[in-house]
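Included below are structure tokens for two forms of one protein chain, each presented in isolation as structure 1 and structure 2.
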Structure 1
Amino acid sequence: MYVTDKILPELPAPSNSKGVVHWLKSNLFSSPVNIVFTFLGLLLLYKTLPPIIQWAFIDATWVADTREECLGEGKGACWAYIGNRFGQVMYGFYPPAEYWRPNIAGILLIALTIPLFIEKMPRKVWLGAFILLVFPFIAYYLIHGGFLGLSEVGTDKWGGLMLTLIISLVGIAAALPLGIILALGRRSEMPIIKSVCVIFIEFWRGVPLISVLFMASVMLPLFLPEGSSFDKLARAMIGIILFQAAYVAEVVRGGLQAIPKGQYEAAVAMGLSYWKSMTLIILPQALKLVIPGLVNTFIALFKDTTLVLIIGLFDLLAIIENVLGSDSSWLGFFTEGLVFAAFVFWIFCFAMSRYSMALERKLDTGHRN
């Protein structure tokens, strides 16, 4: 009997199951239909990509001081226009000498938020509470000013990306607690509290944000006693917060429903009161579950902030559409402005959606039901 005592060396894979040719064959040319699709796809790319790259990069003007330098035969995008108006795009009509104030507020917020993403960071809850409850006042003092030595900059001067960020951040921060209360109310056993919450949630979810903004800007002043007036931004904020709270409430309700009944029963069996069992047992688990959903609602809110241009606030898009569009020294570069705005929004939304997907994967412990 012949028994080999050597292990045969591994042979390289046959040439038809590896390498570029194999990859092409199995991924692009596996069947006649696939071949057709591949060529259609290539045709599409050939028709769209080169002109876009040509316009946006190769022929683009990156640095220029006047409009005329961007014009002419064979000139592509005029990014210099954005560069020249960068201050307005970022801060609206905020006085340039005071740009450092929103800058400090922004840096402070980023510095405070970073530790929240570090795992095993102690006292995260306190830090979160500080950001939600104390930081807004610091930021308001810095950006609005008007007391303690800082000159006042009214909200009518706020604009640009700064305003977009303020509206969406304040919107989500204020909508979160309201939404949690609404979600708890919707799951309450008291019929009146439950129906009030259901009506509130379904009403705001059933109407478009534009009508809410219209309502906030034309109806709200009628509701208030004479003399007490909110400025335009505050009115829009109230509308956005109520609108957003309804969406947050539905996301949180999903989390509350996902908590097994045993958790509720155990909390009651321990003798905890309703609020104690919610804040100590149920909500910490439920909120952790719904973070990806909350990030998604935040993305939707972030995109929806562009609608404030319809009631005359100057967010990033409105600055580009109304202010820069009618600026006679840089007329005719609307496309560039729009593409720039789209790019900024895209970066923010794409990053957040990736973050939410990563979280979802991390939180998915594998044992469902």
Structure 2
Amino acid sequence: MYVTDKILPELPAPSNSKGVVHWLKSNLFSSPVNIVFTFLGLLLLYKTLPPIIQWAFIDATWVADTREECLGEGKGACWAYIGNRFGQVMYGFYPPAEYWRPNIAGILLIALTIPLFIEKMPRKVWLGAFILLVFPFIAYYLIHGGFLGLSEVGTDKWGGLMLTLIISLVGIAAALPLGIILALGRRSEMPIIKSVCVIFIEFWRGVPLISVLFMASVMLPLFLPEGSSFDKLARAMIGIILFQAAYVAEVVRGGLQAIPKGQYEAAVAMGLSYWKSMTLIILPQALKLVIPGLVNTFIALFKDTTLVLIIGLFDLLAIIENVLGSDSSWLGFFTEGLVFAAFVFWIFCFAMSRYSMALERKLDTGHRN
């Protein structure tokens, strides 16, 4: 028997347990059933992928001034259809001469957000608070105008991808803190607070979002004083925030229940108050556990913004379906518009998903075998 008191160096993995060949054997050819499904999948790709590539790229028309230039035998997708209406796809009915205003708001948001991803960046908390509490007002007054010489552009003219991003970002930023408060309230030992939170959460989770938007647009004005007006976009955003907060609350509640009871007892033993124990010990652990659920909820919110069409707001998909689709000068290219919208939604949803995975790996403190 060989015995040593020295730490031996790590040995490389066996040659037969790594590499492309090992991956193929383990994932695609590990059993007869997997082999059959692998060949069926390859056959499906062979039948569908080449025609799609031919239509979308090889035979596609990228630059054209009229629809006639896109028509003809053997021609593929007409992406010029999107290019000629790109401003409307991005900004809806926003005046073209004022495009620089939402552009500046977007660039400013990106510039403020980038430092949050730098690990050694100081005062991140203050920067995050500025983005959440101050920047929305700056962006609103910049895009809406009506002061300091900026012409007023009503929210009825907002649309396209700009409107989709505004509704999504505001909905996510407002629904998360409200959902956390509701989750804490549902676990409260005070009967009144717990009952109010339970009723609120179960009510909003039991109503379809399309009904919420319809009620916010049609019914809410009936309860306002006569002669008063309430912005349609604001009504929609309030409904979306309340609806989404109920789902966020249930996700966060799952994280709170997953925290061992010993963590609560340790906070009490240290003499921490309820809010200090929650903000310093419990919530950080709970939110780390529910990152996948939260991101899934935010992705659902991003896609559900397409429902605002029913109350007369034209987001990205609505612009393509109802405005570009009815343009007599570019009839016949509705498929290209839907493919473009699907690609844009996929890019944003995929980016959120990948970032959540990176955040999970960064915050992972569990033990791995």
Partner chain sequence: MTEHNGDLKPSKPPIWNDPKYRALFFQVLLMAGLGYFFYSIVQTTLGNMEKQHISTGFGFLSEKAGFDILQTLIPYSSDSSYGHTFYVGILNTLLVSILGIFLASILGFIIGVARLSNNWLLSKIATVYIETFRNIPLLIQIFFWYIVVLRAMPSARDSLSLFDSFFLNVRGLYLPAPITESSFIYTTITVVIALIAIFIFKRWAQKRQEATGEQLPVFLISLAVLTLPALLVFFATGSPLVWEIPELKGFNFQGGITIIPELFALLIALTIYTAAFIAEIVRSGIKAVNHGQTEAALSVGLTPTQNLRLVVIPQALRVIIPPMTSQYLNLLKNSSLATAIGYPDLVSVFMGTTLNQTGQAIEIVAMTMAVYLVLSLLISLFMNWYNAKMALIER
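Since we're looking at a predicted model, the values are computed, not measured. By convention here, residues take numbers in order along the sequence of structure 1, the first being 1. Think of the rigid core as the biggest set of C-alphas that the two forms share within 1.5 Å after superposition.
Given structures 1 and 2, which represents the form predicted in complex with its partner chain? Looking at both, the form predicted in complex with its partner chain is number 1.
* Asked: If we fit on the core, is the Cα of residue 129 displaced 2 Å or more between the two structures?
  -> Residue 129 C-alpha, core-superposed: shift of less than 2 Å.
Please determine whether the C-alpha atom of residue 265 is displaced by 2 Å or more between the two structures following superposition on the rigid core. Indeed, residue 265 is displaced by 2 Å or more.
So, superposing on the core, is the move of residue 38 at the CA at least 2 angstroms between the two structures? Yes, the C-alpha position differs by at least 2 Å between the two structures.
Query - Cα displacement of residue 293 between the two structures, core-superposed (Å) - result: Displacement of the alpha carbon, after core fit: 3.6 Å.
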